[in-house]
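Okay, here we've got a single chain as structure tokens, the form predicted on its own, with questions on binding and movement later.
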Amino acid sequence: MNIVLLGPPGSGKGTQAEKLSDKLNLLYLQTGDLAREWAEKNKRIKSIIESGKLIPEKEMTAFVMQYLEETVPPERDILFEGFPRFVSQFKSYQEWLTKRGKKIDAVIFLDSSEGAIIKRLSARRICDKCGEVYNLVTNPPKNKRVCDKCGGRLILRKDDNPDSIRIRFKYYHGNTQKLIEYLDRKGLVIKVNADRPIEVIFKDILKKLGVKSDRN
């Protein structure tokens, strides 16, 4: 099963993607992580990301397609979070899967309001050593400055400040929202309310995918 997980920035895509990929044994690819990895080697890309803006559409498409071709085994199914963002990217990804005799089986859309997301992301903290993610409100560490897992320092990502979040929302409405509307007209979108507890959202997604949860 190949899944695309979409939603506004901070809607909980990463959390649900990890749970789904583990449950369904999917290769989890996150374009945010791919972009940040790219940014470490490219100052221009790093500047774009830290400002809250998106990497230019064609550049990101070419980067992702090359990454897929070079690293993803033919037999693996994928859960893609944050990609595609544009209709053109969806078509490129769809064509790539078709060449492998596969297709996009489900597009899950996590729906959340801008106000709720600004509050959630402003409270997010990431370990600068192991990358563990916490939220000071919904998933707090024992010490708000220290990672429970490795003792690393917890930091606020530069693009998690309110101004950057609003910019990301602006770009989201200008591109990804159009993609969701395009896919919805094709009957491909599974809409899920993301303003709920993590486990409730996860069970709702499994139910809509026709997958049994561990607890019936």
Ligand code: AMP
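One-based numbering along the sequence shown. Keep in mind the model is a prediction, meaning the values are calculated, not measured.
One more form of this protein exists, namely the form predicted in complex with ligand AMP; it is left out here, but the text below deals with it.
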Legend entry - Whether 120, 137 and 156 all lie within 4.5 angstroms of ligand AMP in the predicted complex by heavy atom: no
Legend entry - Candidate from 149, 44, 53, 191 lying within 4.5 Å of ligand AMP in the predicted complex - any heavy atom: 53
Legend entry - Among 69-77, 84-92, 137-145, 109-117, the region lying within 4.5 Å of ligand AMP in the predicted complex by heavy atom distance: 84-92
Inset, instruction - Find out whether any non-hydrogen atom of residue 48 is located within 4.5 angstroms of ligand AMP in the predicted complex, and reply yes or no. - result: yes
Inset, instruction - Give a yes or no for residue 183: in the predicted complex, does one of its heavy atoms lie within 4.5 Å of a heavy atom belonging to ligand AMP? - result: no
Inset, instruction - Report whether the minimum heavy atom distance between residue 35 and ligand AMP in the predicted complex is within 4.5 Å. - result: yes
Inset, instruction - Please check if residue 29 has a heavy atom lying within 4.5 Å of any heavy atom of ligand AMP in the predicted complex. - result: no
